[in-house]
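A single chain comes next, written as structure tokens; it is the form predicted alone.
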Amino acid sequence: MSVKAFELVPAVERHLLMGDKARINIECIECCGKHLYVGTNDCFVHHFLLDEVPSPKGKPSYSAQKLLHKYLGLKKPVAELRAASALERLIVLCDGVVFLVDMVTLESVPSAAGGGAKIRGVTTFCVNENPVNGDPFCVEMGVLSSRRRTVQIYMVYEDRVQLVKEVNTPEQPCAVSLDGYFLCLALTTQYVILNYNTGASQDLFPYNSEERRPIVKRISREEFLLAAPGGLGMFANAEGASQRAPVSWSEGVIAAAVCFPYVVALDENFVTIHSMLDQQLKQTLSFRDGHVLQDFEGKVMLASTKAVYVLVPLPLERQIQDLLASHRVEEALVLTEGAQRNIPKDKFQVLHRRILQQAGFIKFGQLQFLEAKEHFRKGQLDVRELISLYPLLLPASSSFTRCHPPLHEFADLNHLAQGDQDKVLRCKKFLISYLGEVRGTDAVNGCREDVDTALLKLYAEQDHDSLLDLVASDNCCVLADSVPWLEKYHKCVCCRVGSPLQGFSPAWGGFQEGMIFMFYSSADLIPLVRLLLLTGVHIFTRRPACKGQPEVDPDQVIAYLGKHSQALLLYLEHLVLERKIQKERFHTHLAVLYLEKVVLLLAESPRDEGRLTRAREKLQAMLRESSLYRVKFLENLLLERATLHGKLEEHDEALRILVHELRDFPSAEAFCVWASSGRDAAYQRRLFHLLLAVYLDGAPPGEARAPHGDGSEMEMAAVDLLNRHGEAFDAVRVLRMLPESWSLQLLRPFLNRAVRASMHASRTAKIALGLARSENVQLLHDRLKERRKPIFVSEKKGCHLCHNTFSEPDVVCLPGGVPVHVHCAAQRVRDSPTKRQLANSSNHT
């Protein structure tokens, strides 16, 4: 998809360059700051001063003033020009000769013109824009010779050139670009990268230079742009890898340049502009007879045979806004993120947030709410910008004004929906969801009143279940706006008198202020009662700690709430589950209330299975996690009795209840997992073997045992148990327990796992045994080394036991290598109470 990224602006018109001389053509150009140099086919160099002229309409234009032109004295066209501004020199290639010209006078430098400082036999050259020489008054240059398969590295000074390196190539090079020590070359049949310092070479890809003109362009530090077969522009770094996807341009491209984030390519009839970020074609400009395209310090210039033009990039912000205006959100975001390297960090963050917010509103207008929410979140949108689209949702006291320039094109929700009520409803549901998510985050700091009031209005209008939760919670709803809205939609409300801003926030310390209760239908009575019940419990559970006031005694509260089982249940949950009070009476009381609720739900007809499941899950969790309740008060329901038996370590009775009375096999397995958690593997194995034995028994006590192999439910449960928890069993013991009539195919998962586990254990044991043997051999080796050390005895040394000197070489060595007399060692053994022999005695001397 197209976007206007550049404008083609004339810089040097034909009449200014050549007057009425029709045969003069432009061959090359060079720009250094405001100075433009043009080389022509009649061996002239023209010097222009190029100024950008401001336009009242904002369109760029240039004014060119011709300063000088100079004939170089040769009969061939000027092939290439490169500026060395630090030296105030132009490097000129003409008729296969490279020489230096003064940038101001265009006169050839005398020493370079006279005595051998010229470089002859040159086909092309390039300047190293990332020089390795630290001399600021020296330019590094790579030169291709027409006579040899070499690349020559020269140092160019103010009045001389010096050859410093010559690199041989496998084929004749025809194009070159230089960055640091890296040479990117187009050879006759392929592209390569050479490091002329180390000699390392990396082939890139094949290319036939006879079919089309090769392009080798340095675009950044150690990165190059190359013309590849198939009309592709390939990127390659110094390691020979490509970190960007290629761009697809035409087969006839003759020159290319980069103005980040765009690649500009020139062919015979067009200038094409592709994005480096998404590789898409963004713009095409008609341009005939073009044959020169160069980028000079961010300025892209191109030339036909008769005139010079500048491709002026439009500001990135304008490009991004154009993309957003045409609802091309993804392209705008890619361009924004890609432009980060060219924009100061603080400015970029502000720009990026705004673009994300605009993108979010575009997606919102397209009803793509997930994408809109993500853009709003990343862009840190002031949520009131979104609320303000909905008429009357912001409270009248709000001081909010919309951002300028605006983030979107919508006046309000009605303008967006154009009368489509389904769109309106979907947008309101999205706002409810979005406000509910951000309400507790930092995104609403400073505007809680606006957010809570808008959310309450939406809840009331849409008859939302969360209205009472909002009213009962700490909120900042504006009373003056909220009460009329609730009255309009006939919703009950509980609010404090005399609190204009926090009208729906109860006083948790007590009902010191008057309360107003309003309801408009009998259907509102039940939720109102629930609200009042929750609010009453909150008086005790959310009561702030105040200095000088005694804490509320939980026993008194429990006694006060005794007639209100639901309120009492909520308060006990607060004590046990939230405050973690470790008192037996509270835990027992809560467990009994859970049990009573389960019993009541079981007695209902018809049963509410959802409520029953939730109640039993609460009871089961309480029985498992707490160890403070009294078991004897809870022996009622079978499932709960099984858990209690597990607490008492009566696992056989617990499994009997689960398997034979309840026929609840998943719960039986879950019981084994729960009861063995935190225990060792042997304990877990005992439990699972016990469950397997219960399954294989097949009948409760007192009943006839079912014959094996009848496909009973118990046998299938046993098979499932083995296949699911095979690692918990002793495979040999299981095989002895199983009936001989069972098919091995049924137990294939268990047997596979058992064989693997057995092989793993065997191999692990062998490894451990091998390591132990290796350690033992090493210790024996160390011992032998110690025993074979020489023991030095002399007349100057004394016995460690009798302290007399040695007169004979025969000694006994005690542990630690201490020599003693033979008779002293024998006496020591005789005097030992255990008569033990010396373990480490040695007779060698």
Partner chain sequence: MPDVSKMKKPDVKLVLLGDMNVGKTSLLHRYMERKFKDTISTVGGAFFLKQWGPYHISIWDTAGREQFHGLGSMYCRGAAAVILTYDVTNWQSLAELEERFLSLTDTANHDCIYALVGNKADLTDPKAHLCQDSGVLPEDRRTECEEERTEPQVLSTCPTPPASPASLSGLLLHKQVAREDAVALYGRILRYKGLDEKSSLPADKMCFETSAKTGYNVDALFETLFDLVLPSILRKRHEDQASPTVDLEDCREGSGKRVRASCC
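As the structure is a prediction and not an experimental result, all values here were calculated from the model. Residue numbers count along the first chain shown, from 1.
There is also a form predicted in complex with the partner chain; it is not shown, and the following applies to it.
Quiz item: Can you pick the stretch from 247 to 255, 399 to 407, 476 to 484, 208 to 216 whose heavy atoms fall within 4.5 Å of the partner chain in the predicted complex?
Solution: Stretch 247 to 255 is the one.
Practice problem: Report whether the minimum heavy atom distance between residue 157 and the partner chain in the predicted complex is within 4.5 Å. | Solution: Result no; residue 157 lies far from the partner chain in the predicted complex.
Quiz item: Should residue 772 be classed as touching the partner chain in the predicted complex when contacts are defined as heavy atoms within 4.5 Å?
Solution: Taking the distances in the predicted complex, the answer for residue 772 is no, it never comes within 4.5 Å of the partner chain.
Practice problem: Using the partner position in the predicted complex, report whether residue 330 sits within 4.5 Å of the partner chain, counting heavy atoms only. | Solution: It does: once the partner chain is placed as it appears in the predicted complex, residue 330 has a heavy atom within 4.5 Å of it.
Quiz item: Just to confirm, residue 241 within 4.5 Å of the partner chain in the predicted complex by heavy atoms?
Solution: Residue-level check for residue 241: yes, a contact with the partner chain.
Quiz item: Considering the partner chain in the predicted complex, which of 296, 430, 674, 260 comes within 4.5 Å of it through any heavy atom?
Solution: Checking each option against the partner chain in the predicted complex, the one that comes within 4.5 Å is 260.
Quiz item: Exactly one of 727, 166, 203, 129 has a non-hydrogen atom within 4.5 Å of the partner chain in the predicted complex; which residue is it?
Solution: By the 4.5 Å criterion, the partner-contacting residue is 203.
Practice problem: At a 4.5 angstroms cut-off on non-hydrogen atoms, which residues of 258 to 286 are near the partner chain in the predicted complex? List them in order. | Solution: Read in sequence order, the residues that approach the partner chain (within 4.5 Å, in the predicted complex) are 260, 277, 278, 279.
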